[in-house]
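Listed next as structure tokens is one chain, alone, in the form predicted alone.
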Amino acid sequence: MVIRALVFDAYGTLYDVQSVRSLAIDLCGDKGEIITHLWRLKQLEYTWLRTLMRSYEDFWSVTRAALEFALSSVGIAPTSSLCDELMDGYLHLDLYAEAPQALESLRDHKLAILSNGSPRMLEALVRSAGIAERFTAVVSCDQVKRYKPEPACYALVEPALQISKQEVLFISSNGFDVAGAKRYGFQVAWIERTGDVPPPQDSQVGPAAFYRLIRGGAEQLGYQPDFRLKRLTDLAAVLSA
């Protein structure tokens, strides 16, 4: 089947969720790094829990709750002023360095974003990065009040782009998202950002290495990507082939 649209995950694929690390270190000192990783892990956990419990809150609320958990866990009071400042960082995440070049190389194709992010969060992200015009659609899972990898989230793509799911190449660096998209029926490219990181020699690992061990590998769920790529700029070669 011909690929008629490329649909990107946002957080962790186009945008570096760890780019709030410098802000967290500025505000929280030497606990900033572990806060950054706890925050992301708990954020994802809360999306899954709220979907399972059918107790939806939007991604902004989920992200705020995860931040409060992370701060409290390391002994820092989650005051309104501190949380407000850190949350603002989530509206201005850095694009991965190769993302602008990759999007430019794909400008002749129909591009979209499918993300857990709330509409307000996604609008702020694409506007701050100056890439809004690149996308035919920016689709939020808020429409179905569920979070990925719930199949209803992926089903939003077809009506938004007026194509069949077999004509979609879905791109994500998140293993759970790769499995969910493949299970749904998309063609899938996994951006394997941690593929070159060697395994630890022992159990004495820091927060960043521990995070990579949890979130960096392929999930063992029986659904494998069609393409395993190192960076977003590899997508052009996939399409030309």
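We number the residues from 1 along the sequence you see. Fair warning: this is a prediction, and the values are worked out from it, not measured in the lab.
There is another form of this protein, the form predicted in complex with another copy of the chain, and it is not shown here; the text below is about that form.
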| field | is_contact(D58, another copy of the chain) in the model of the complex, heavy atom dist at most 4.5 Å | value | no
| query | Does T136 reach another copy of the chain in the model of the complex if we count a contact as any heavy atom within 4.5 Å? | reply | no
| query | D142: heavy atom within 4.5 Å of another copy of the chain in the model of the complex? | reply | no
| query | At the 4.5 Å heavy atom threshold, is L221 in contact with another copy of the chain in the model of the complex? | reply | yes
| query | Want to guess which of 71-79, 97-105, 166-174, 115-123 is within 4.5 Å of another copy of the chain in the model of the complex, heavy atoms only? | reply | 71-79
| field | Joint contact, M87, H109 and S128 to another copy of the chain in the model of the complex, by non-hydrogen atom at 4.5 Å | value | no
| request: Pull the contact list for 79-96: residues with a heavy atom within 4.5 Å of another copy of the chain in the model of the complex, in sequence order. | output: none
